[in-house]
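Shown next as structure tokens: one chain only, the form predicted on its own.
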Amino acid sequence: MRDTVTPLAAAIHLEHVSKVFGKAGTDSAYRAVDGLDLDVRPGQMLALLGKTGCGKSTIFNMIAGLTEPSSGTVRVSGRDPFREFDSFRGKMAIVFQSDRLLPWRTAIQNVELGLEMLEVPAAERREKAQLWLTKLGLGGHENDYPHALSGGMRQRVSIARAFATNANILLCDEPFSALDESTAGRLRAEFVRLVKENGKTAVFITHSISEALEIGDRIVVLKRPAKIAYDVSFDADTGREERELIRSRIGGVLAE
């Protein structure tokens, strides 16, 4: 089942988007994305799945406003994220593969960072940071520095930092890939629960079929240069047999 949503109703809208690195028409030009159309509805958890080099990170960077398309239209909440980058402060948060915590700041000070940039009063930002650390199971570790925390705990701090700003859109670039599978599995489940409970829209980059099936309520499989090869939506009621059919179809697409 393919998910459809009108462009005006989409939280994220990409229309005929292409991205070429280097001078177009020359031997050095590299086409990372080719005529991509993609709409993500509000509240959706989208897993972008594909092999290394298929253009996932380029799409991620265009949605985040870190680079602009060579052609086509990118809109997030109706705005151009590259040309109106400053307008997205506090409205879009990123969780990276590495935790990117500041080593000289405690856990709670790291969570407060985004709130400081939004000029939230000190008492309010401390309260929000404490709330999200507690929700993510880090109560009692507020004053620990990153070097004293495990990898999973550091990534929990990173997730708390993203949620604390109350951003409507979360962009996640393989945030659990550096963790052992047991820790990653627990964090994935918690992350999905928090996204759903708080009504967030999330785009999650992965190269793992299993992770995509655990994370997403929609999976978009990309082939190089980034084009949609398979687009499927499902929900908590989707049975094991149907999920295995989806897994098999994705495996077939990636093997082509």
Partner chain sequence: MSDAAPQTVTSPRENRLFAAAKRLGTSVLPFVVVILVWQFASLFFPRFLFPSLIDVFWRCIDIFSSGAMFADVLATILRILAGLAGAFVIGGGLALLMVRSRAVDNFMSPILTLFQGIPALSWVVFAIIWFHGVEFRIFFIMVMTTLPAFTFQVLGALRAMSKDLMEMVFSFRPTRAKLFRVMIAPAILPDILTAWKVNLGNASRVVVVAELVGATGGVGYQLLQQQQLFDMAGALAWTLQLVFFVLIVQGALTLIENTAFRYRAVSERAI
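Residue numbers count along the first chain shown, from 1. Predicted, not measured: the structure shown is a model, and the values here were computed from it.
Just so it is clear, the following notes concern the form predicted together with the partner chain, a form of the same protein that is not shown.
A.B. asks: Could you tell me which of 43-51, 191-199, 208-216, 63-71 sits within 4.5 Å of the partner chain in the model of the complex, going by non-hydrogen atoms?
C.D. replies: Correct option: 63-71.
A.B. asks: If the cut-off is 4.5 angstroms on heavy atoms, which of these, G78, P103, P121, G139, is the one near the partner chain in the model of the complex?
C.D. replies: Of G78, P103, P121, G139, the residue with a heavy atom within 4.5 Å of the partner chain in the model of the complex is P103.
A.B. asks: Is it the case that R161, even though its partner is missing from this view, gets within 4.5 Å of the partner chain in the model of the complex, heavy atoms only?
C.D. replies: Flag for R161 set to yes.
A.B. asks: I'd like to know if L131 sits close to the partner chain in the model of the complex, meaning any non-hydrogen atom pair within 4.5 angstroms.
C.D. replies: No.
A.B. asks: Report yes if any heavy atom of D180 sits within 4.5 Å of a heavy atom of the partner chain in the model of the complex; otherwise report no.
C.D. replies: No, no contact at 4.5 Å.
A.B. asks: According to a 4.5 angstroms non-hydrogen atom cut-off, is L170 in contact with the partner chain in the model of the complex?
C.D. replies: Contact with the partner chain, no.
A.B. asks: So which residues in 107-123, when you check the partner chain in the model of the complex, have a heavy atom no farther than 4.5 Å from it?
C.D. replies: Result: L113, G114, E116, M117, E119.
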